[in-house]
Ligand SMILES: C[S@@+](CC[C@H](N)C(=O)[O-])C[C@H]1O[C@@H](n2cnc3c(N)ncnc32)[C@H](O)[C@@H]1O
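Below you will find one chain, with nothing else, as structure tokens; this is the form predicted on its own, and questions on how it binds or moves follow later.
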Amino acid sequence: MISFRDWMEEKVKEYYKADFRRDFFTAPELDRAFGYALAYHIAQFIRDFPKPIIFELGGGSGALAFDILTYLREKEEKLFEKTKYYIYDFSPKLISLQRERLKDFEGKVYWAEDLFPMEGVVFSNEFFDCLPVHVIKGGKELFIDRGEELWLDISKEELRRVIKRMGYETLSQVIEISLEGIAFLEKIGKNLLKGFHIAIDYGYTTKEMVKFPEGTLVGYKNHRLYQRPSEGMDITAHVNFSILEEYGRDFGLERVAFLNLKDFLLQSLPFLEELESLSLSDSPEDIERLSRLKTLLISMGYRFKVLIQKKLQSS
């Protein structure tokens, strides 16, 4: 018998280490405009840093890194020259894809097995949602015993402390808590000596939890969504951004902004320029790209959130 958290960790690692096909699309794979928009914001944050580092958590196929670096090389030449780009990933398959995709940036991109002291930006797109979660309901925790679900006493005192601190003790609905998310945030706070943390993911705040009475765990396989995740799927849970913000302050990370992806994109000059240019074109290729940008803005724009935190000084 194991906790659901341990079961999820095992299955997610198996999935990402396997020779799998992508069972879902991410924003960077829809259009380069997403990466350009993110690069625009990152450039504003680190322009005055003497030797900035961009550190991506979970590099996916390498598409996002490629677009960010391409934008910086074309639009921010001085910043590009002094910046180093690091990727953290544990999937050999994905690292291989990343290396192939980014071969034109040899000497600019590096792979790291962990965070290290740095100044710059640590960011992620759909990273925190893959971290394992403890599933809680009515003061009990979900365990798995030979495929059967059991609700038993909460396994860790740390879980009880998080539930109490967040004011979730009286909630009767399903609650998902990622202690790994908090631990990773602490690691970011310790190693980011100066700069910013950006987390982009689908998620919710404490006030929005009422929308998910049965929790948010789902699985993806063959581009289909399953409400009851099982083996061989990409298993994810929505990110609780209220927890990231609350615990971020403990680690010296103060909120700068929290907004929908739609608003984040529309505050980016290159994204607006792409949108305007495509709107004026009647070529089939541009019409198709415009459709993808509308998917980013409408379909993903409200479901995805962007949390930006600033590390003011070393702690």
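Given the structure is predicted, the values throughout are model-derived calculations rather than measurements. Numbering starts at 1 and follows the sequence shown.
Only in words, not in the display: the form predicted together with the named molecule, which the text now covers.
Asker: Any of the heavy atoms of E29 lying within 4.5 Å of the named molecule in the predicted bound form?
Answerer: Flag for E29 set to yes.
Asker: Does the named molecule come within 4.5 Å of any heavy atom of F127 in the predicted bound form?
Answerer: Looking in the predicted bound form, residue contacts with the named molecule include F127, since a heavy atom lies within 4.5 Å.
Asker: Would you check, heavy atoms only and a 4.5 Å threshold, whether G248 touches the named molecule in the predicted bound form?
Answerer: Flag for G248 set to no.
Asker: Is there a non-hydrogen atom of P52 within 4.5 angstroms of a non-hydrogen atom of the named molecule in the predicted bound form?
Answerer: Answer no; every heavy atom of P52 is more than 4.5 Å from the named molecule in the predicted bound form.
Asker: Taking the partner as it appears in the predicted bound form, which of 91-99, 189-197, 204-212, 237-245 has residues with heavy atoms within 4.5 Å of the named molecule?
Answerer: Single hit among the candidates: 91-99.
Asker: Which residue among M118, L131, L171, L217 has a heavy atom within 4.5 angstroms of the named molecule in the predicted bound form?
Answerer: Of M118, L131, L171, L217, the residue with a heavy atom within 4.5 Å of the named molecule in the predicted bound form is L131.
Asker: Using a 4.5 Å cut-off on heavy atoms, what residues in 268-289 are near the named molecule in the predicted bound form?
Answerer: If the 4.5 Å heavy-atom criterion is applied to the named molecule in the predicted bound form, 268-289 yields nothing.
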